[in-house]
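This document opens with one chain alone, in structure tokens, the form predicted alone.
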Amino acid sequence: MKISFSTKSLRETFGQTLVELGERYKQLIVLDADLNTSARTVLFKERYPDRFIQCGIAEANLFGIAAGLAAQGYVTFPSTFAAFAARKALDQVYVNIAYPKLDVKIAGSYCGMTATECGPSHNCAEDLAIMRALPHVKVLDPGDNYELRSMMHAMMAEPGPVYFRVAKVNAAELFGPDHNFEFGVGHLLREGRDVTLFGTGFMTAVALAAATLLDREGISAAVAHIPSLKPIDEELIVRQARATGAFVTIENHRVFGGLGGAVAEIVSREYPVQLEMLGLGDTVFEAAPLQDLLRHYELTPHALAARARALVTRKRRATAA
């Protein structure tokens, strides 16, 4: 599968899709925490100023107001950096939004390594784990612009709280304009016999590139994309466990509680397989350009291929024993 990179960032698609949804849904209100130019909610602000609320650098108020409006029948999109949604205002998200199951769609931008140049206070590689642990909250990480747009349309038809990532990156194109996102549904992008590489968000493109490298060595790698981490596609994961017996996950997130943890929870219960998890570890990661960080933390196609190669070797030895 040939991978090409978009000329448009995910955050630009996020802003444009808000405008598109605003035209269709008059009950949609966007709220911002003094980041409208960074997160691109400024596009909605310019088009629908009467349905845009600037809350300033006051994230607790951001989510409290979003919850109050949702309780009155509006669908609200509070937007801020993932660090502030998942950590700074976590109590408000839990008590005011998750607990009463309100129709609030939380956009966590600048997530994972894509915000590293902003410094440790703005970095967040634990948001998926935190949000997965909250009751009633659906958790999503789109792979490309087409999926993000489809995802946001799907949210409007799905009642209840949703947390979704908007990474500061020009993601590779995985799908086309007719892509249809569904909650709890993953995608097998490439068939394979020896190992399954699981990705979420823009890291799925790394998995596809790694599969191509492995193919040159005679290792048949399947690639599965998991945009919906909660609910998650258990059927796809178990099916691939039976098909390949070996998994490697990769994500723009810590190895604790994100994609790797979600996959491990399922296979340990349903069909145990050999599993490796690639992501950020127990560290406050460095401030540097994204490509440098991917190399530093060994989250590149070559690094992923090496981990998969070693895993397949172990699997073959265990089978032969």
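All figures in this text were calculated on a predicted structure; none of them were measured in a lab. Start at 1 and count along the sequence shown; that's the residue number.
The following text describes the form predicted together with another copy of the chain, which does not appear among the structures shown.
Between 123-131, 183-191, 217-225, 148-156, the stretch whose residues reach within 4.5 angstroms of another copy of the chain in the predicted complex through a non-hydrogen atom is 123-131. Candidate site formed by R239, T244 and R309: none of these residues places a non-hydrogen atom within 4.5 angstroms of another copy of the chain in the predicted complex. At the 4.5 Å threshold, heavy atoms of L90 reach another copy of the chain in the predicted complex. When another copy of the chain is considered in the predicted complex, R314 lines it closely, a heavy atom lying within 4.5 Å. Heavy atoms of V273 reach within 4.5 Å of another copy of the chain in the predicted complex, making it an interface residue. When another copy of the chain is considered in the predicted complex, K230 lines it closely, a heavy atom lying within 4.5 Å. Using a 4.5 Å cut-off on any heavy atom, the residues of 82-115 that reach another copy of the chain in the predicted complex are, in sequence order, A83, F84, A86, R87, K88, L90, D91, Q92, Y94, V95, Y99.
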